[in-house]
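One chain follows as structure tokens, the form predicted alone.
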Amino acid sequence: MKTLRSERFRPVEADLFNSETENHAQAKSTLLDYGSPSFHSIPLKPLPQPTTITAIDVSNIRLGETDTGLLTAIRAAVVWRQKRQYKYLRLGPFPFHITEQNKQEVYDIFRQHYLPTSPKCLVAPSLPNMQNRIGNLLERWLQMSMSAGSRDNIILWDGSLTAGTPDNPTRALLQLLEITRNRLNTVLAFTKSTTLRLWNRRLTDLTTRTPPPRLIQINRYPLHQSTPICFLGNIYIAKLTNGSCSFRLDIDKNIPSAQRVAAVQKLLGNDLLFQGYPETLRLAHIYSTFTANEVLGIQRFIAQTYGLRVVTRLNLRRLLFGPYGKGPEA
């Protein structure tokens, strides 16, 4: 950030009534329409055995551009429910000025804290992708810390157990899940909007008429043989309360089936559910997300602290096409 002195700063527009300034990377894997996958419906009963529920979420935003790079910020939240009380830890916001000159250094710092044994020759991603990559690495580091520092907990992730993408290398995710199992913790990975489809329908639309709470396990889900994508968890459709909301739920496939079901039943017995979604994970999202007012505040703070000259972003679409210049400015 110290390299910012007296540079020109073109902040992104922050709509006070629309805080959609985040950018989350998601794996674009798709179930193929061949084969005969089977479905197994599993009824659930709340298991009130006292268990700590921990949830982790991370948000990142783009604050604007300078003449030499990008200004971005990340923030994380850890929420846990223990003895019927919610507690949270908020980290950030952490602003970064990422340039072509320093992106490798920033990338190495995040990567080595998450995986100190990983190779040191990995090349940093392109500048536009750095924002998502460092946010993902921070999230994995927190997941690793919570898994290694707790015992016999239910740990909730926002996302899936899909591996084989640049953001989620298979070896790293396998190591993380192994640490989690060794501490007798169980990861439940909830996906709000899945890209997986089967028979031309979104996966979470394939529910049964049987009443919740219920899991629907999908067996023998197909993928291209040549794809690097792999699923490290068993995939379920989770319908945990009455209503229209169902979620994709991934649970580590290397733990016994009974333990996977028991983990979801402990979640039902120890956490509140809002529209079928765990309250701890909902709070983690709320505490980590940036509002539009916060974006404006961070932009103003950075401009004043580092003496930046704020300039108006040139909207080429409007300049070239006038009222026909639709869509966001790239």
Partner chain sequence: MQLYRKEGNTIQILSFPAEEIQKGEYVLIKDSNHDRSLVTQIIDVQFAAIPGILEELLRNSTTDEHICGENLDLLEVAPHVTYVQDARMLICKIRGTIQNGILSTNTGWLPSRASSSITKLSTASLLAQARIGNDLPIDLGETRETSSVTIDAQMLDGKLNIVTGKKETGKSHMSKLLALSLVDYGAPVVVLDLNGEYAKLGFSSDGQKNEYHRRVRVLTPGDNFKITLKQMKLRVMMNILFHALHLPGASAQEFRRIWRFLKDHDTLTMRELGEVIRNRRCNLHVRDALCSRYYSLLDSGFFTDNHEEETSLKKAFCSIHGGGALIINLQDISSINRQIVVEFMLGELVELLTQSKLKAVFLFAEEAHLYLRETYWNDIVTRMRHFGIFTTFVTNQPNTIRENIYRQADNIFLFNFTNEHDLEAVSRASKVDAETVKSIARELLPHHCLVLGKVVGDFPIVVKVRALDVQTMGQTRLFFTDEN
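Owing to the predicted nature of the structure, the values given are computational and were not obtained by experimental measurement. Numbering follows the first chain given and starts at 1.
As for the form predicted together with its partner chain, it is not shown, yet the points below apply to it.
- Contact annotation for Arg171: none of its heavy atoms lies within 4.5 Å of its partner chain in the predicted complex.
- Under a 4.5 angstroms non-hydrogen atom cutoff, its partner chain in the predicted complex has Ile298 among its neighbouring residues.
- Although the partner is absent here, Gln85 sits close enough that one of its heavy atoms falls within 4.5 Å of its partner chain in the predicted complex.
- Proximity of Lys192 to its partner chain in the predicted complex falls outside the 4.5 Å heavy atom cutoff.
- The stretch among 148-156, 106-114, 90-98, 243-251 whose residues place heavy atoms within 4.5 Å of its partner chain in the predicted complex is 90-98.
- Annotated contacts: Leu283, Asn293 and Gln304 all touch its partner chain in the predicted complex [non-hydrogen atom within 4.5 angstroms].
- With the partner omitted from this view, the residue of Thr289, Gln275, Ser41, Thr68 that lies near its partner chain in the predicted complex is Thr289 [heavy atom within 4.5 Å].
- Residue in contact with its partner chain in the predicted complex (any heavy atom within 4.5 Å), chosen from Arg75, Arg260, Arg133, Arg214: Arg75.
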